[in-house]
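The form predicted on its own is given below as one chain in structure tokens.
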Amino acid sequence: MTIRTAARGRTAATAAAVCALAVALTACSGTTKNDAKNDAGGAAASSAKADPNAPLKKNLKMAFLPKQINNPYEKIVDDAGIAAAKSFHGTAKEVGPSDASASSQVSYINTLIQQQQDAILVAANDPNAVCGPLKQAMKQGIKVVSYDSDTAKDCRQIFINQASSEDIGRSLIQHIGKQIGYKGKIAILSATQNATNQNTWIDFMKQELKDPKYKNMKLVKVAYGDDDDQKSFQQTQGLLQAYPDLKGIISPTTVGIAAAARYLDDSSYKGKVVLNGLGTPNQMRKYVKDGTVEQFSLWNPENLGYLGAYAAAALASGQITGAQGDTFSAGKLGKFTVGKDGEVILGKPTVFDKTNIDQFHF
């Protein structure tokens, strides 16, 4: 803590001297053009110099801030990240709200700033609602990593993306299209209306549907279950009541797909309405084995949390800045390269069905 405070003091003193020198040339109002960019957060990464050979710092403190604290999927991600931190002698914790509303994460970020964490990892409920406090965190030297659901690009240094957003969105349409013979009405059961990842995937789903091979398929509704089990269950019921001839539902959220499967499993629609989307094997095993769901997709959430922890540590240790082309090692997962806009991609999702679901336990 003392080192960080002293560094901030030296930075402020240097900035004041530069400002005084520049006053003859420009109207110095306390913020230069570069400072404004740095205050925005994201652009600061490109101005710093990475040292990929720098050792990981010891005793790093980091916190995972999920969309909501009781989300089973996010719990898997965060627990894996917390365990990963121990492997490089850091400490990590999970904090967060019990609801997934747009502004629910803000107070937690403010508290983490006060605690002077070395890094904050956030799965954003809204890409912009968290930006103010995250920019304040970065101004104070705290590294910010988004994972699972991104913030606006200038509100973090790195985004850990579970897979290519385009691959996820298009593949979900491809899968359900094949399952329903490329004919009929479909609906989407999403999480919250502002969830960055959900909306990005849905945009790619809509783009995929423009392909002529889907001319006999129609997206009739995007419903929102707010990553709440009961609301997602009710939204599934509402979709089937509103569209009794519905052929398929895509739910790109682990809470939503499990709730929808539970509803279908005990209804007359079982075996008649196709359900696809993103889920965890442990949640979906029963429904795959009893025929309610033929298949679904996901990446390994443990690896997502593990990668997030190592990316945060690499940032805090100066190995990377978030600039495109930066490289870092993520322990057992190997080497990763930072892509455009600070994005690091974990890998391609896995499709689960009766043939392989018992090989996975998460």
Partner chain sequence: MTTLTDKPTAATGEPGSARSLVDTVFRAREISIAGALVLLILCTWIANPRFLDSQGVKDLLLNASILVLLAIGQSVVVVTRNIDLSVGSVTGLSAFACGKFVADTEHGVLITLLLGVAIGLACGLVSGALVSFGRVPALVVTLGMLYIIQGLDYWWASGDQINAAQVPEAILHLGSGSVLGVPYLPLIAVVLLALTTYFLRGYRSGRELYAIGSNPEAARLAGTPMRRRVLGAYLFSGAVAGFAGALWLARFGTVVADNAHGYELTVVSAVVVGGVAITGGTGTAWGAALGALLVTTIGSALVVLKVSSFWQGAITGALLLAAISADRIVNLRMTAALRKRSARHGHGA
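Numbering follows the first chain given and starts at 1. These numbers come from a predicted model, not from an experiment.
There is another form of this protein, the form predicted in complex with the partner chain, and it is not shown here; the text below is about that form.
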item	value
Answer range among 80-88, 267-275, 157-165, 141-149 for contact with the partner chain, defined in the model of the complex as heavy atoms within 4.5 Å	267-275
Residue 291 within 4.5 Å of the partner chain in the model of the complex, heavy atoms	no
Proximity of residue 68 to the partner chain in the model of the complex, heavy atoms at 4.5 Å	yes
4.5 Å heavy atom contact, residue 72 and the partner chain in the model of the complex	yes
4.5 Å heavy atom contact, residue 200 and the partner chain in the model of the complex	no
Candidate spot 179, 204 and 217, all three touching the partner chain in the model of the complex (heavy atom, 4.5 Å)	no
Position in contact with the partner chain when the complex is considered in the model of the complex, options 172, 187, 137, 240, heavy atoms within 4.5 Å	240
Residues of stretch 219-250 in contact with the partner chain in the model of the complex (4.5 Å, non-hydrogen atom)	221, 224, 229, 230, 233, 234, 235, 237, 238, 239, 240, 241, 242, 243, 244
